[in-house]
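Single chain ahead, written as structure tokens, the form predicted alone.
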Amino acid sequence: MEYFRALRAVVVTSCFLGVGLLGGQTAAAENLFGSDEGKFLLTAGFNDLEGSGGGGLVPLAFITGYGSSDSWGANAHFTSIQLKDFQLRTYGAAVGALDRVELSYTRHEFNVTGTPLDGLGVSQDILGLKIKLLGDAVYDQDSWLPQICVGAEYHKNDGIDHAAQAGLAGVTRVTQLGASAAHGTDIYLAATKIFLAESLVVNAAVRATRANEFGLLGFGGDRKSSDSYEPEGTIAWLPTRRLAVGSEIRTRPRNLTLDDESTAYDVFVGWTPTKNLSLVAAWLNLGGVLGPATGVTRHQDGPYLSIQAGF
């Protein structure tokens, strides 16, 4: 089953990669899909963990895709994260229209590769919507106003697989681990500003969330079931017009007694050799994950690698 899941992810991403490269074979003014690709490099963002245009952990106020305010754009991504005792694979697609609205879909497939829960798996689907409210991060250089967007991400958890081999026979739902619900919606507000003279991107966001480990362990729990308002941030330096080097931080609630969820952070390098292809490499630290349940309290950190293709 794990083989077929991985194969499905590769096939989906490869198809979109071909679409993205085809889009770049025609004139810059308009590609095969009628998109003008009129935005500057890097201003489409990358696909973050939940599929929104952003960095790795945190959404940006940018609308995904390189279509201008008179056009549209789209992309697909595949991301692999290998922590000390856990593995996460994500893949999905996103569409941006008129540099104003973004729609995204992402699939998460999470597997325990160490600890006494070795073999356990969890998956979820995430649907995202982002709307640009005001400002322009690139062109409003003479104004203090950043580009601001509001977004929503609906998570639907598919349940727990292979629990018996992890010593949890009969456990098939995250609510059996203490979560209040298997689905939920995050709402966030993000503000992004590019300082062209300094080659800096600064981003701040706040998220209303009940998610446990990004929703992989459901929403709400025995410690807290209501929304928490969690700040997030990104800072990146652009040494060239194709390269971004930076760091992100994302605070998170701790709703479950059995999970020692804490602040997540990363350092990353994002490279856009063309408008049709982007690569991100990062070192990600999620802090503790399920420490009280497993007795393994070390930080879960490791490499984050992502590929994005589109137009």
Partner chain sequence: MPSPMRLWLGCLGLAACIAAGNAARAESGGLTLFDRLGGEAKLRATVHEFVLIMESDDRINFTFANTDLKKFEQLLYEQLCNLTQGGCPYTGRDMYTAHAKLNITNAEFNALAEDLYEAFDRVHVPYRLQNKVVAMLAPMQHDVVKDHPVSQNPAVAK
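Nothing here was measured: the structure is a model prediction, and the numbers come from that model. Residue numbers count along the first chain shown, from 1.
Only in words, not in the display: the form predicted in complex with its partner chain, which the text now covers.
- Interface membership of Gly119, defined by any non-hydrogen atom within 4.5 Å of its partner chain in the predicted bound form, is ruled out.
- Taking the partner from the other structure, its partner chain in the predicted bound form has no heavy atom within 4.5 Å of any heavy atom of Gly114.
- Taking non-hydrogen atoms only, Asp260 never approaches its partner chain to within 4.5 angstroms in the predicted bound form.
- Of the heavy atoms in Arg241, some are within 4.5 Å of its partner chain in the predicted bound form.
- In plain terms, the part of the chain that comes close to its partner chain in the predicted bound form, with a heavy atom within 4.5 Å, is 67 to 75 out of 67 to 75, 81 to 89, 216 to 224, 165 to 173.
- Along 170 to 198, a non-hydrogen atom within 4.5 Å of its partner chain in the predicted bound form is carried by Leu196, Ala197, Glu198, in order along the sequence.
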